[in-house]
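Presented as structure tokens, the chain that follows is alone, the form predicted alone.
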Amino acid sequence: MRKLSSLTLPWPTDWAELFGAERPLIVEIGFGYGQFLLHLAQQHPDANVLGIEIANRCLTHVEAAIDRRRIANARVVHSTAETALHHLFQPATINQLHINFPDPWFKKKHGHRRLMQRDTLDVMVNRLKPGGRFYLATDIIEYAQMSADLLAATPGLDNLMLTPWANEMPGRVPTRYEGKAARQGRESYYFAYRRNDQPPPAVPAVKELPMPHMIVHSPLSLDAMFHAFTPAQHREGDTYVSFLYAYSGRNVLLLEVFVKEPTIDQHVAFLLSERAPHEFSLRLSTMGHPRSTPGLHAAARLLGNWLTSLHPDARVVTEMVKDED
């Protein structure tokens, strides 16, 4: 089975082509050790069942189980939920979306990591087909209450229950965590919603930009630039760029950069090489499968600004960098 990742799959992904058949698409976000995901695949042999997970141990475990059981209609993708939802899925392409026992992230400084929040729920609604189903399960009452308020304020979803949630879901196969919670006497809270016909929030799939590239003229040598490098942090709107380290090689500098955007984090390297006397090429290295996003274009532009600041005669000769919005 080919390993799948949001950093290597097309943006957006043609799921019918990947699975080899045009079938309803069922997605579980954060599938853990896969009991629920594998049950979905066996329960819905006429559907394409996709799991999104960030933990490598869980991915390896479930990939092996899919191979061992020869389950042809299930695949798993290494990705955060936000990156997968924004970059891999077109609007109105998901028939069922399942979230089981997400991390609550209750500390204030971790609130941005919480899956159930307005921006992320809006993209989920956008990606669901009209008539599609949204399911959520948690064993934390505060998370249930927060989610109930959030879902009730979402015009694109209709509650399939008479109450905000239920404490039982007949016919449901428990997850590993869910079984542990039940044995320890913790109650679970289940939500079931239907995507209605109201216009969803406008959240287009994020597509990849051309790779950033810049030619800089400078009287300085690569060695002088290397010794002038200092770590630095920059913020442009919702994008955070951190210059981490510089490494010197034969006729090249490698500049290590971290870029955090609302939908994706990337740890990348830019290469600075001398292409002619006093003329330098700045481009992305292919290490780590970088994806050309507005944040990486911002990083390239900031690196160009840094290079031209090192000498009064330095200047940008040509650039293929997306301007700030």
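Residue indices: 1-based, along the sequence shown. The shown structure was predicted, so the numbers you read here are calculated from the model rather than taken from an experiment.
We do not show the form predicted together with a small molecule, though everything after this point is about it.
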For this session: Could you tell me which one of 81, 254, 116, 71 places a heavy atom within 4.5 Å of the small molecule in the model of the complex?
Result: 81
Exercise. What is the one choice in 243, 229, 177, 240 with a heavy atom within 4.5 Å of the small molecule in the model of the complex?
Worked result: 177
Exercise. Looking at 256-264, 278-286, 291-299, 27-35, which lies within 4.5 angstroms of the small molecule in the model of the complex, counting heavy atoms?
Worked result: 27-35
Problem set entry | the small molecule contact in the model of the complex: residue 64, any heavy atom under 4.5 Å | no
Exercise. Can any non-hydrogen atom of residue 143 be found within 4.5 angstroms of the small molecule in the model of the complex?
Worked result: no
Problem set entry | Non-hydrogen atom contact residue 58 with the small molecule in the model of the complex at 4.5 angstroms | yes
Exercise. According to a 4.5 angstroms non-hydrogen atom cut-off, is residue 91 in contact with the small molecule in the model of the complex?
Worked result: no
